[in-house]
Ligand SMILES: NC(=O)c1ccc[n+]([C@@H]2O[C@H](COP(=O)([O-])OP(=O)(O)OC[C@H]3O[C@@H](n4cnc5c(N)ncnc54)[C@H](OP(=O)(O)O)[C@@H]3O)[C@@H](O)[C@H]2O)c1
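Read the single chain below, which is given as structure tokens and is the form predicted alone.
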Amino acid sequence: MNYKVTVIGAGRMGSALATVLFHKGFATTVWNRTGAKTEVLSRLGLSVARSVEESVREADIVVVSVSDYSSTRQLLRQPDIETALRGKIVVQLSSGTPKEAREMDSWARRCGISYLDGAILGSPEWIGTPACTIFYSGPAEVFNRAKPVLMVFGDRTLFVGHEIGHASAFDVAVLTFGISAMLGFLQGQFVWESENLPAGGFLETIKGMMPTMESVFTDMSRRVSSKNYSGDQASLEAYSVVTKHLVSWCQDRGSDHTIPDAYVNLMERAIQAGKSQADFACLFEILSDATSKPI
């Protein structure tokens, strides 16, 4: 079936989604609050709607790519638009939380709308390429109906379950790791350059550590699953000492030490809880303890 698809939102991501759909032969309509952002799409041949209601009226599938779920609610939770969306598929690709996904799903069910929640792992330039991963959650039947459209966005189009919040949860979990890793890389790069170490050497050093890090993560996952945090390798106290060295290095340089300060604070809370000789993975218990407060 050659679906008619509307993309709501013509920012960088929305424009990338709409462009790929159009190039793959789908009848594609786009709407954006700021009309100027749709001019390039119009020149390509996409249909540009004058209003949200007009954009969804003839669509089979509506893809939403705006700043957040709050913006989605403002745009779609209007009686005329809810009526126009009845019986259609809405695919949410804006950023949000599992709680917001569940709230959107409840709204969609009340309005007779088929709803999928999605999370894009990648940048606009990745859309339509093998590098793009998008998680989807919701009714499997709805995903299968929309799949011919969803597959054009990236080779790694992954259905992660019927629980509507799971796509967003996947995204939050992966982004937590990714952002922490990127900040760690930048902090390490700063140390490397400040000490005049060989140009490009930090990246190569990190790349060489990847197999070891995979082994470390595997061990940590096993420990968290079994709740076995016995310190048979380096203790948390040892990690705390070396992390304090990073804070001291930053202080000596007069540079920002927000990131290592947070690490030290987390470790100190665990040590005060009697975990000084436990494995690093014991920090999972501190992170998941709602009663544990920063020092």
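Residue numbers here begin at 1 and follow the sequence given. For clarity, every value in this text was computed on a predicted model and none was experimentally measured.
The next section is about a form of this same protein that is not shown, the form predicted together with this ligand.
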| item | value |
| --- | --- |
| Partner-facing stretch of 120-128, 154-162, 195-203, 97-105, counted where any non-hydrogen atom is within 4.5 angstroms of this ligand in the predicted complex | 120-128 |
| Contact label in the predicted complex: T258 to this ligand, heavy atom within 4.5 Å | no |
| Contact test in the predicted complex: T34 vs this ligand, heavy atoms, 4.5 Å | yes |
| Close approach of R12 to this ligand in the predicted complex, 4.5 Å, heavy atom | yes |
| 4.5 Å heavy atom contact, S221 to this ligand in the predicted complex | no |
| Selected contact from N144, Q189, S180, Q74, since only one has a non-hydrogen atom within 4.5 angstroms of this ligand in the predicted complex | Q74 |
| Contact assignment for this ligand in the predicted complex, among S230, N265, S67, S248, heavy atom within 4.5 Å | S67 |
